[in-house]
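The chain below stands alone and is given in structure tokens; this is the form predicted on its own.
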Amino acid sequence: MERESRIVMPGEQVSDKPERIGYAFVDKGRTYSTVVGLYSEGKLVPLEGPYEPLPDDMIVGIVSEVRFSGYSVDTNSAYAAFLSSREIRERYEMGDMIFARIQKTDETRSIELGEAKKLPEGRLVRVSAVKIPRIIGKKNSMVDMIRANTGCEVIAGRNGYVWITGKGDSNLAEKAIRMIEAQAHTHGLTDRVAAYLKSQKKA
């Protein structure tokens, strides 16, 4: 019989044998969690955690400083991010929202950005970065469903910033995103979100 999921804390033992599990480490033949997460049958799903930038991540960022050579960008992480003027054609101002790719990170905890584009007017929704994969869904299925049912463009950055634009129902789009964030660890979430969106759509 399958065991029920249980919440584990960083450093808590999840298995008395060595197992290759994401967000866990092995010490002296036993496996321990590195995050606050939900553990069940060899799978550990983080419930909270900071954004850890990786090369090729697509992120939503906020221009926080304009320099002669480029722009400092808030990426919702402890890392300092920089976008070189050589990487872009358009010019930005403080507070502008951009969608960009992480080109590389280094041991000094700095990020180089590229392939940036300015985002149109909209609203920023901040969510836990570890919940972004569920908000995006397999092959963009979840975010596409929100787009189709709200008429909004939804751009989910891997860093936990989600940008909602368009003339559709942005309030409904944000409510759906919050629902996914709160229930990311549960089963049957896609069907529940679909039912919620259908029930809330304006006639």
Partner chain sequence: MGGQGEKPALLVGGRRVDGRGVEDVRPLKIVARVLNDAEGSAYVEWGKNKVLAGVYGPRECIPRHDQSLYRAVVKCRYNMAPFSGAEEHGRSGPNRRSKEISKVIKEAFENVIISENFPKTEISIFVEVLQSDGGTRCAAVTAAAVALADAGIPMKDLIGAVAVCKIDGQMAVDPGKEEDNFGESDMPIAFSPRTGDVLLFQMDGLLTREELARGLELARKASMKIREAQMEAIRKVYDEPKEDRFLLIG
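These figures come from a predicted structure and were not determined experimentally. Positions refer to the first chain, counted from 1. We call the rigid core whatever largest set of C-alpha positions still superposes within 1.5 Å between the two forms.
This protein has a second form, the form predicted together with its partner chain, left out of what is shown; the following refers to that one.
Heavy atom of S33 within 4.5 Å of its partner chain in the predicted bound form: S33: yes, in contact with its partner chain in the predicted bound form.
Partner contact for G11 in the predicted bound form: its partner chain, 4.5 angstroms, heavy atom: Yes, G11 sits close enough to its partner chain in the predicted bound form that at least one of its heavy atoms falls within 4.5 Å.
P50 within 4.5 Å of its partner chain in the predicted bound form, heavy atoms: Heavy-atom contact with its partner chain at 4.5 Å: present for P50.
Contact label in the predicted bound form: K43 to its partner chain, heavy atom within 4.5 Å: No, K43 is distant from the partner.
Members of 103-125 lying within 4.5 angstroms of its partner chain, judged by heavy atom, in the predicted bound form: Read in sequence order, the residues that approach its partner chain (within 4.5 Å, in the predicted bound form) are E107, T108, R109, S110.
Rigid-core frame, C-alpha of G61, shift of 2 angstroms or more between this form and the one not shown: Stays below the 2 Å threshold, so no.
Displaced residue check between this form and the one not shown: M145, CA, 2 Å or over, core reference: For M145, whose C-alpha is compared between this form and the one not shown after core superposition, the shift is less than 2 Å.
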